[in-house]
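Starting off, we have a lone chain in the form predicted on its own, written out as C-alpha cells.
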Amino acid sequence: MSRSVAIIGAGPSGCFVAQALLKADPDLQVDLIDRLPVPYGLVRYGVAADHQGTKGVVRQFARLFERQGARFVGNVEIDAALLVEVQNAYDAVVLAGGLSQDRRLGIPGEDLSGVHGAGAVTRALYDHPDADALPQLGRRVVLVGNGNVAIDLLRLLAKSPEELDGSDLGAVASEWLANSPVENITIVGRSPAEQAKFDAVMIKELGKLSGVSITVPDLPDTDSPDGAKKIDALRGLAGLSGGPKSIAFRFGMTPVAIEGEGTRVTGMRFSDGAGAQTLLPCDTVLTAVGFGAGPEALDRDRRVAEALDDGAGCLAPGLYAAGWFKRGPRGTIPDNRADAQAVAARILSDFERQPEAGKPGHAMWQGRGGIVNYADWQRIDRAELAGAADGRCRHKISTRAEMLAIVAKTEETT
C-alpha cells in the first residue's frame, strides 16, 4: 500500500508541498483538505484582484488534481478532534492553513470606530465567504504598514473604475471603490525606506495610476542593492501629479496612539527616531502590519513553539507545517514554494526511516456528507467564469450556500 499524506489547507503552500511530494514519488496518495468548498486559499482571497498574472499560478496547481493524482477534499472544517482522526488515517499530515487574523498595533485608541485591519478589508474586497461587510471610509486615511498588502490596498483605493478592468472584483466591491470618499492617503512605515517590506515593482506600479498626486520625502542613498531598488522606485514617484487623489509616503515613524472624539478617529500620533512626535489628522486608519493565528488555527502558536524541528517544519512525528502556518506572515509565493519543497523533502526523508505504510488515507472520507471534490470545484469555477460582468474576468461566488447549491444542482441533473 502506498504512503498517504493529508495536507490541511489547499492554498499555495499546501499545493507546493503536494507538487514536490508527487514529483518525487508519483505513487503517493495526497489529499488537500480545505474548510472552504473551493481551493487555492491565499491566491484566490489574498492576491490582489487586479493582479491576475500572479493568480495565474492556479493553472499549475490544477495539474496537481488533473494530472498528478492529488485529491481535493473541500468544505471540511478540521478541528482538534477531527485532526486526530486524520492523523490516524494518514502516514503524514501537513498543517498549511495559513494565518487569518490581522495583527494589532497594541496602542491606545485601536478600538475606535474607523480603525480597520487590511486583512479584513481585503477579504471583503475579494469576496471571502467569511468576510464582514466592507467598512465605511472617510476622506483622510492613514495606512499603517509598508508591506505588499499595504501597497495592494493603497493601489486599489487609488485606482479609477476603468483601471480595474480585467480584475475579478465583484459588484459590491466595485461599487464600494467607485463611491469611495477617500481624498488623501498617508502611508506610514516604521522602517527607513530602504528597509521597507514592499517590493520595488509594487511601487513602480503606482506610477501608472492616472488620478493621483504622490509626494515622497527626501530619501537617502544606500549601499544595499535591494534597498537601492526601493529608493529608486520611490524617487520615480516623487512629484507625480496626475489627479486629485493625494498619496504621501512617510518612513521611520512608530505608532504611538490613535486619537479621537467620542468613539470616532480624528488623528494618529507617531514618533520618529529622535523621539519627536507627529499628529496626522485622519478619519480612517487602516492597519497592515501582519497576520496572526485566528481561532481556526488548531493551536498554531503552541504547536510551533513546541515543534520537534521547527526549521524543517516537523511539529511532531508524522505532523508537519508549511507556509505562513510554519514561518509566520512573511514571504512571497516564490518564497513559500522553496519552503514547501523543503518540508516535502523532510517528509520523504522521514518516510525512508519508517516501516512501510498501512493506513487507509482517503478512505476515511468515504460516506461523509457535504464533501466537495475537485470535479465539484470545476463546476463552481465554470459558473464563475460564465457569470463574469463586463470588465471582469469572473464573477466570484461569495457564499458557501451558493457554491454548494451549484454542486447540488449539478448532482441533481446527472
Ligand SMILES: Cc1cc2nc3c(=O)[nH]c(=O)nc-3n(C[C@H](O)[C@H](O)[C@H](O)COP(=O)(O)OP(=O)(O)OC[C@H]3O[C@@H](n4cnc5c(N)ncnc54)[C@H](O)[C@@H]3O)c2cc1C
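Start at 1 with the first residue shown and count on from there. Because the structure is a prediction, the values reported are computed rather than measured.
The next section is about a form of this same protein that is not shown, the form predicted together with the ligand.
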statement: Checked 280, 173, 76, 216 for heavy atoms within 4.5 Å of the ligand in the model of the complex; positive is 76
- prompt: Within 4.5 Å of the ligand in the model of the complex, heavy atoms considered, which of 311, 273, 225, 334?
  reply: 334
field: Partner contact for residue 152 in the model of the complex: the ligand, 4.5 angstroms, heavy atom
entry: yes
- request: Verify the contact flag for residue 46: yes if a non-hydrogen atom of it lies within 4.5 Å of a non-hydrogen atom of the ligand in the model of the complex, no if not.
  value: yes
- prompt: Does residue 54 reach the ligand in the model of the complex if we count a contact as any heavy atom within 4.5 Å?
  reply: yes
query: Even though the ligand is not shown here, does residue 146 get within 4.5 Å of it in the model of the complex, heavy atoms only?
result: no
task: May I ask whether 14, 41 and 122 each come within 4.5 Å of the ligand in the model of the complex, counting any non-hydrogen atom?
output: yes
- prompt: Which single stretch, out of 251-259, 97-105, 161-169, 234-242, brings residue heavy atoms within 4.5 Å of the ligand in the model of the complex?
  reply: 97-105
query: Considering only 20-36, what residues come within 4.5 Å of the ligand in the model of the complex, judged by heavy atoms?
result: 33, 34, 35, 36
